[in-house]
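Coming up is one lone chain in structure tokens, specifically the form predicted alone.
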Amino acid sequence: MAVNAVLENSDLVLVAFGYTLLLFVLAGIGSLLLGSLLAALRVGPVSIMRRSVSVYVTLIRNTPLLVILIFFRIAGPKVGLRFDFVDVTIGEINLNAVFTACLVGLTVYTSAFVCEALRSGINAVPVGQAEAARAIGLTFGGAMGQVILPQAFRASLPPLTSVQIALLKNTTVAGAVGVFEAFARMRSLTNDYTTQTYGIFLAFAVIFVVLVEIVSFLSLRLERRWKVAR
């Protein structure tokens, strides 16, 4: 059978996808939080903050993800940006400094795209909503948190889903800088079982397709629920 290598090493494959899913979930949450803050600052009343976020987004979006991961993994420690304090073990998965460096890199990279997706959602919110929020005495932060951002999330759910799906696939880049996630495990198996290369590749590709479809399904359910709630 062409996928015997995957079945015989199913425990290692599960651990590898454990790393992948942890990177995806943690970086996904982090990028949504950081991206929301960046989007709020980019449309905020403080000019210097708007320009600073604009520079940040432009710089990050035009930098390859691998370069960002190498910075946090290799260059960061040399300038004092270390994550040695992280050492958590969950079963066979070890969340150490290397994992954290990749997690931070993925979060920083994805947050720039979340910011832009949310900014388009904010622009879709009627101006009257912001004026009404100010009329009842809400501050800028209050208006963003209670009125504008919730509507912006609903309006920008499809592009946000695309950003998160891209994040799931981008976790494979972490294998190049030391995290033994799915891509690194697949490469290891193809090196050890050269006669089953196509079967191994197909098995990992199918698993990734299933994961992406699960994310798409959850997004669709959320979109329908929000549509009913309007």
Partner chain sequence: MSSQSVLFDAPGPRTVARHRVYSVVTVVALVALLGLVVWRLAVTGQLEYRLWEPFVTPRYIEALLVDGVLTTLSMAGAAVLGAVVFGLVFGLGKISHRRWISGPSFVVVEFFRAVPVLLLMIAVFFSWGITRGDSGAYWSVVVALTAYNGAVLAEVFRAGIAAVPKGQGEAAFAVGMSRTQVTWIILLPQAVKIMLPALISQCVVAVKDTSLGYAVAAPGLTTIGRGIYQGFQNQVPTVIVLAGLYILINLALTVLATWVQRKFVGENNPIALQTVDSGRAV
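Residue numbers count along the first chain shown, from 1. Quick caveat, the model's predicted, so the values are computed rather than measured.
The protein also exists as the form predicted together with the partner chain; that form is not presented, and the subsequent description refers to it.
**Student:** Using heavy atoms and a 4.5 Å limit, would one call Phe180 a contact residue for the partner chain in the model of the complex?
**Tutor:** No, no contact at 4.5 Å.
**Student:** Should Val88 be classed as touching the partner chain in the model of the complex when contacts are defined as heavy atoms within 4.5 Å?
**Tutor:** No, Val88 is distant from the partner.
**Student:** Does Ala75 reach the partner chain in the model of the complex if we count a contact as any heavy atom within 4.5 Å?
**Tutor:** Yes.
**Student:** Would you classify Ile29 as touching the partner chain in the model of the complex, given a 4.5 Å non-hydrogen atom cut-off?
**Tutor:** Looking in the model of the complex, residue contacts with the partner chain do not include Ile29, since no heavy atom lies within 4.5 Å.
**Student:** Sequence order please: the residues of 119 to 133 with a heavy atom within 4.5 Å of the partner chain in the model of the complex.
**Tutor:** Residues within 4.5 Å: Ser120, Ile122, Val127, Ala130.
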